[in-house]
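A lone chain, given as structure tokens: the form predicted alone.
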């Protein structure tokens, strides 16, 4: 009997990103290595999606500077590289936010992405959770140098659930990959070339696959939106909660996020991780079917688990924390326990108002009939007097 040959695990390689060193497996991309460190060094991504195969390398948002290629060859790479497509090597040194070249390049990428993108955030359903908005605020400029007519497309109906706004599309290809890899038959893709390239269906066919709604979740902009949620509410006015149900579709994970306004379910989406991607359950991406997404719009259809964890910097997370931690107020310590509201009680110091009159007992706004200026006759305090309704003659008497 032949002995089994035990394969040794490949030795890990060290890579340094913005001064932080980490050991990763060979073949790991710079993007994934940076995400292992944390958000403070992770490059932005508009086309890369770790849950999908062959994504990345199209938007150039994740460009980084390789200051040292490896220990064997420490020479820097002459050009900026896409971190989502470049594998790490032992001893590699990468500059991300610490590189002026990278910051300048991303400013240019934002400017190119916004050349044909309509600035219709006030009417876009993606506003508040748009990654192009975040990318623009972090790396964009206050003005645009582009003064020409923007590229526009004729609106096209691609199905009963999804609204396509091709004018907003940045050609990230995410929706094409998700339809190609998780659905049985893809009926849409990229048509034409150059500035005429567009997302469209073949021979004007409608997208009716059971998992087509996941195209909405992977879209980083407002090019693909939910028709059932269209113009109904803003995401920061809704409350996201985690919920699950026993879905009849075996390919559906049945775990989703419900976006509530009161007790009404306005929309249903897949759960997302901190990178804006669909969460994984049991090692598989948690895609949900169209039945869970579009047809189960009652809380009775779901088992609500609790409030969804939202980052504090997100506009969606406003006033939606499980426990609001109030920061320490140094004013009370300075005043030695005295309530700060007493700072407004200046009667005894200014001698302008009558200290015998309680402002809270005045019916309506106070006026000159309720108080006398300093040096004049003091207003006698009488509970029977209806403050705010006396005449000057009554006060003098």
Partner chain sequence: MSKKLLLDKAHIDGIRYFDVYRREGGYHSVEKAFEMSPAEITDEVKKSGLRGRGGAGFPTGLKWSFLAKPEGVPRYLVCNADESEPGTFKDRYLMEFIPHLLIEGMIVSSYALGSNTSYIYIRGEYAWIADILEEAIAEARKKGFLGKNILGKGFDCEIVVHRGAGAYICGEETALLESLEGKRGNPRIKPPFPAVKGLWNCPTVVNNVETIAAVVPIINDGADAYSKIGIGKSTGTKLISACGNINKPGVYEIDMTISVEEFIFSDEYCGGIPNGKRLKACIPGGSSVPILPANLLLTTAKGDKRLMNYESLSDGGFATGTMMGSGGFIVLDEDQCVVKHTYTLAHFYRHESCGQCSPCREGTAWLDKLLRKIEEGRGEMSDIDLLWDVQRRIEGNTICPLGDAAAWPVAAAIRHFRDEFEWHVLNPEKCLRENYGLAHYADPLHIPVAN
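Predicted model, so just to flag it, every value in this text is computed and none were measured. Positions refer to the first chain, counted from 1.
Not on display, but discussed next: the form predicted together with its partner chain.
- This chain appears without its partner; in the model of the complex, the one residue of 45, 63, 30, 66 with a heavy atom within 4.5 Å of its partner chain is 63.
- Proximity to its partner chain in the model of the complex, defined as a heavy atom within 4.5 Å, holds among 307, 190, 303, 119 only for 190.
- Residues with any non-hydrogen atom within 4.5 angstroms of its partner chain in the model of the complex fall in just one of 73 to 81, 235 to 243, 207 to 215, 292 to 300: 73 to 81.
- With a 4.5 Å cutoff on heavy atoms, residue 111 counts as touching its partner chain in the model of the complex.
- Although the partner is absent here, residue 105 lies within 4.5 Å of its partner chain in the model of the complex, judged by heavy atoms.
- Contact check for residue 195: a heavy atom falls within 4.5 Å of its partner chain in the model of the complex.
- Proximity of residue 287 to its partner chain in the model of the complex falls outside the 4.5 Å heavy atom cutoff.
- Residues are counted as partner-facing when one of their heavy atoms sits within 4.5 Å of its partner chain in the model of the complex; in 227 to 262 not one qualifies.
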